[in-house]
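The form predicted on its own is given below as one chain in structure tokens.
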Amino acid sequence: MGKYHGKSTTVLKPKTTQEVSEIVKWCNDRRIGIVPQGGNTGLVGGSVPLRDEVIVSLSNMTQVRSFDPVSGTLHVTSLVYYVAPHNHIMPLDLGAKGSCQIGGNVSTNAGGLRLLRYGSLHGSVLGLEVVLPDGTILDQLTTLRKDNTGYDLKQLFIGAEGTLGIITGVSILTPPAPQASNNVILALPRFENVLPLYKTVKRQLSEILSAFEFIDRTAYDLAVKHGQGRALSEGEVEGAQCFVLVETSGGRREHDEEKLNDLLESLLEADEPLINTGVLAQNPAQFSSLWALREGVTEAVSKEGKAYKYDISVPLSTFKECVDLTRERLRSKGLLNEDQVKAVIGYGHVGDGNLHLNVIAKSYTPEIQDALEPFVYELVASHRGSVSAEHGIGAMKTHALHYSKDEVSIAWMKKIKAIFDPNGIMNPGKVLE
């Protein structure tokens, strides 16, 4: 996005946990700030040095320590495609899966496309190895599914964005790879149909449902415009206000296809249809092309212009309202035109209430920024939502944390930070102001 420019003169690339420990202890003794870096795919400046801190890159720590094919437990320091030959998959699927690292994923509690099926990392991560701010190595790299012996300390580091320590090892539960996967894209005449459609799909597909993705019409048209694929013909998209991509993952193809066909038939033949039409993937190439359209929205946005990205959690029923009110806000300020704001789009993960609200501008300007903030954050707060659903707080949203967390919560977060990092060396300027 080109929004953040780091300021640092030193990058260190340790290869072992012991080397990380020695670096952190040396920096702590001298009150030198540290910024941990993984794949550098974050969107909120969480891995960007702001005050000439020392960068500790974990890019050399890519070893798979062990894998248990029976329990599906993987010991890793980097997100790698190690488990595929063992017929397992990682429990999260991200747009940045080719370059992100598991330590960064855990540090930001990354969500992704299939959280609906596999849950968040707070449940998938079984154990962590963390280098604390004084250099101490906290070894909680357990593979146990059940362990009720005292406080579950690992949870403090999941989503802490490197402000409490550096994650150097992860024990994560990997689910068995599905034996059959399929998807269908559905065109809806109005947004109001998304919620009843979600209920219907959950009821009919039940255990094989793995993703339910929402794309508004503007986002769909943008993806098609910039070559991310065309899932439906021009006739099929006519009259559609938004689209839904449904994915299934199960153990037997015939069973799953029967369920999907029954779903599509019942939706199309309903007295008051929730959809205009739908296209079921007929082969692996079409399956990939449907996902390429959804995952290609992000690339299409970057090709169209400069993006103001808001990764928010709000009730599903308010997705369209949030997009529409933001668009009207910009129009009322005289900013919605080809020379300033080109488009306002919404897409995201319906299964976990995560809306990606993107404002696409010709360039970043103070006028657009002032029109959007704190307006968007106040809008989210009015729905008791979250200003960061899966990207984290980083440097970008420290000022907005109070829209999602009350004074008591923030005060206790600061106390926890002070206990772990009294010298304030760990990723300064991130999460907490």
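Bear in mind the structure is a predicted one, so any value in this text is a computation, not a measurement. Counting begins at 1, following the sequence as shown.
What comes next is about the form predicted together with another copy of the chain, which is not displayed.
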Is there a heavy atom of I393 lying 4.5 Å or less from a heavy atom of another copy of the chain in the model of the complex?
-> yes
Mark I416 yes when one of its heavy atoms lies within 4.5 Å of a heavy atom of another copy of the chain in the model of the complex, and no otherwise.
-> yes
N148 within 4.5 Å of another copy of the chain in the model of the complex, heavy atoms = yes
Contact flag, E258 vs another copy of the chain in the model of the complex, heavy atom cut 4.5 Å = yes
Consider the chain as shown here, without its partner, and state which of G239, P273, G251, G334 has a heavy atom within 4.5 Å of another copy of the chain in the model of the complex.
-> G251
State the residue from L132, L267, I89, A343 whose non-hydrogen atoms include one within 4.5 Å of another copy of the chain in the model of the complex.
-> L132
Spot the stretch among 216 to 224, 101 to 109, 320 to 328, 359 to 367 with residues whose non-hydrogen atoms come within 4.5 Å of another copy of the chain in the model of the complex.
-> 101 to 109
Give a yes or no on whether each residue among R190, N193 and A381 has a heavy atom within 4.5 Å of another copy of the chain in the model of the complex.
-> no
Could you list the residues in 206 to 227 that come within 4.5 Å of another copy of the chain in the model of the complex, counting only heavy atoms and keeping sequence order?
-> S206, E207, I208
